[in-house]
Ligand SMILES: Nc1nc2c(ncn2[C@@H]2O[C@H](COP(=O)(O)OP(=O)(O)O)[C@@H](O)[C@H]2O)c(=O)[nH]1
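First, one chain by itself in structure tokens, the form predicted on its own.
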């Protein structure tokens, strides 16, 4: 079984790994907003890859099949599979209690291989299927599984770049927030974008704002309070999917008209698509404001600033 090497060095490699049925593919599909395919997900065979653009960087996403025969192969060919990894995301099904120990062992085997190869990519562990709408007895079992894993993973004394996230496909924001934080760690100018968003907030007077790319990644955000944060975190994924539907139904060339507005409790939630580079994938802004419109002058100023930041002209 052969694995093709990347054709270019100008690429960042993100690897999803874990046991079969851990939920790796459903996480990726949720970012692609292909929720309808959840019921048809088949076990990933070998390695599935896609490349996408993120803030001017090329990201190579590797989804490693979790079946036992593939896991053995990856460890045997670790030099080829894990070489050049910038980010490793390890997904654990915290509801699969009988395989918690097996999942931990596989993670340990991977870390042993990385250490042997003198590679130290940050490892982000997703305690996945941490569903909120569960009976109390199951929640207790899940918490026990997570506590066990956190304790065991703490044994990796020599590997310092490990972080944890609780995720579920029933709360898209849990996945989006985790992936957003992880990918932004690869972009050296994320703090500059944060300052640009803060400047926009100060001028426009919005109560909350999320800057999102076409892979559902929140590039930057600001919220007046936790209530606004919860509302925008919940609304943005649905706005994105609704926008996908409209794209199939019509073709709006006038960017000023390409937006969705929802009024609720005397607040306006505005979702707007825009381009930083003509012909490239779009970006989106999701805001909460007292007015049913965005000031176009202020918004255009933000777009121009973002364009300069991403192209390194600012």
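All of these numbers come straight from a predicted model, not from anything done at the bench. Positions refer to the first chain, counted from 1.
Just so it is clear, the following notes concern the form predicted in complex with the named molecule, a form of the same protein that is not shown.
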| remark: Among 120, 131, 194, 109, just one has a heavy atom within 4.5 Å of the named molecule in the predicted bound form, namely 131
| Of 258, 289, 286, 26, which residue is found within 4.5 angstroms of the named molecule in the predicted bound form when only non-hydrogen atoms are counted? | 26
| Contact segment among 213-221, 166-174, 109-117, 183-191, judged by heavy atoms lying within 4.5 Å of the named molecule in the predicted bound form | 166-174
| task | Report whether the minimum heavy atom distance between residue 295 and the named molecule in the predicted bound form is within 4.5 Å. | result | no
| query | So in the predicted bound form, does any heavy atom of residue 19 sit within 4.5 Å of the named molecule? | reply | yes
| Is there any non-hydrogen atom of residue 95 lying within 4.5 Å of the named molecule in the predicted bound form? | yes
| query | Relative to the named molecule in the predicted bound form, which residues of 59-93 have a heavy atom no more than 4.5 Å away? | reply | 61, 63
| So the Cα-Cα distance between residue 65 and residue 25 shifts by 3 Å or more in the predicted bound form; is it shorter or longer than what we see here? | farther
| task | Check residue 64 against residue 101 at the C-alpha atoms and report closer or farther in the predicted bound form, compared with the shown form; the change is 3 Å or more. | result | closer
